[in-house]
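Below, in structure tokens: the form predicted alone, a single chain.
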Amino acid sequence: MYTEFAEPYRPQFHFTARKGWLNDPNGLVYYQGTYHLFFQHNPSGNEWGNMTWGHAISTDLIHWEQTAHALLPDSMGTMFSGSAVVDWHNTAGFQTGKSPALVLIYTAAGGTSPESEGKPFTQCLAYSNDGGKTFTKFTGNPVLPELAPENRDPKVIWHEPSQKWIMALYLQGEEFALLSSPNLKEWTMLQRLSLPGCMECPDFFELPLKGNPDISRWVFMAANGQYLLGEFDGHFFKAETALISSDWGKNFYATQTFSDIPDGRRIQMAWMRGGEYPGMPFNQQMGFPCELGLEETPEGIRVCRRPIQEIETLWDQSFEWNTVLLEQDEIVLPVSPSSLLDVEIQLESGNADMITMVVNKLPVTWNIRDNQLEVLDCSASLPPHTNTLDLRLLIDRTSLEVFSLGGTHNFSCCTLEAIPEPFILLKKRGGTPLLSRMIFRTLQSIYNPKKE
């Protein structure tokens, strides 16, 4: 049944298109028991272009079924990125039956195809009254004319206190905008924002503070995962922080969170931009879905990102160690070799200068002397006086994702260098660090319940 997904460089628990190019996740939404993942897609080739909205559905955020394309290029342009909402109050008037319409808000990228030559980038709507099986483009498109050359990537949310839709939109350079609408069709500019060093694919959402739900912050995030925390009253976003990084890997981009998840979780997906998949019928992959939370840290309030709990359904074999003193320069821990892994590690520095963990030949180094975490050829500075470190490693055939310090210092990395080995190597330099705990879990493929 799944032989088409058995290629040597096909990720086994990350989403990939059946064939063709894939980039930004679009229109992430939950509707009537189903998670919808739309995505930038070139169904006719393995390179970027001919942008179409691909579509996949899931009941658990883990196992995805790719369905018919949702949006095809037209005379207004190819279909660039956007978002999706459930129009519970029928504000746009698209609903025809008892169930609310599912509405896509997307960029028609004029000038990116011969049919749209000379036309601008505009924001448009499409809607579905059959649960997302088919979509009809609004005859009144565009609903928002060009505000700046190549403005794009509308992310729309419902703001309950003001009873308005709010759109975060990328303008140009480092400039973004917030707009509001009563009906998804008529938009009013609220403000412009500048995020130095950032561009594209904004996201905008509110998170409650862990342990104190009466306190919340709004998050304005750009494509690279950098974000501002602040307050929003329905008219103006007031940032309270400078830009904060959430991922230091080379392959984390075009982040977006799901709309309308009924259990209140804020779940994010990203495109793992820049991976290599030689000889494969597809190109590029999504990152693993993660839950976002807002927590107090030594550096202040931060967004924390952790793999969704549904990954537990893929757990297979497990090995666990507790309280291991790293007295030797190298220690080998035997495991069952697998190309699909979920590894949790807790370390105490013990006055060492450096600790390196090598899992499936992939090194992760805690440079204690320089207060850095180093993953492959990327690094991040840790908070001052970090003496303990928690790590979560997700390893697939073509990627390594590392979540550290409660999910505040993360790395999303594509790699072809992962090779299953029957051991984990721990190396230290100086001191006597402590492995407080390690849980090593092999994972099943989402395409085949048999062991990897």
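Note that this is a predicted model, so its numbers are computed, not measured. In case it trips you up, residue 1 is the first one in the sequence shown, and so on.
The same protein also has a form predicted in complex with a small molecule, omitted here; what follows describes it.
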Look up in the predicted bound form whether Trp48 has a non-hydrogen atom within 4.5 angstroms of the small molecule, and give yes or no. yes
Can you check whether Ser399 is within 4.5 Å of the small molecule in the predicted bound form, heavy atom basis? no
Can you work out whether Arg302 and the small molecule are in contact in the predicted bound form, taking contact to mean some heavy atom pair no more than 4.5 Å apart? no
Tyr227, heavy atom within 4.5 angstroms of the small molecule in the predicted bound form: no
Counting only heavy atoms and a 4.5 Å cutoff, which of 151 to 159, 317 to 325, 134 to 142, 185 to 193 contacts the small molecule in the predicted bound form? 151 to 159
Check all three, Ser246, Glu295 and Phe403, heavy atom within 4.5 Å of the small molecule in the predicted bound form: no
Exactly one of Phe232, Phe258, Phe220, Trp271 has a non-hydrogen atom within 4.5 Å of the small molecule in the predicted bound form; which residue is it? Trp271
May I ask you to choose, among Phe176, Phe80, Trp366, Phe204, the residue with a heavy atom within 4.5 Å of the small molecule in the predicted bound form? Phe80
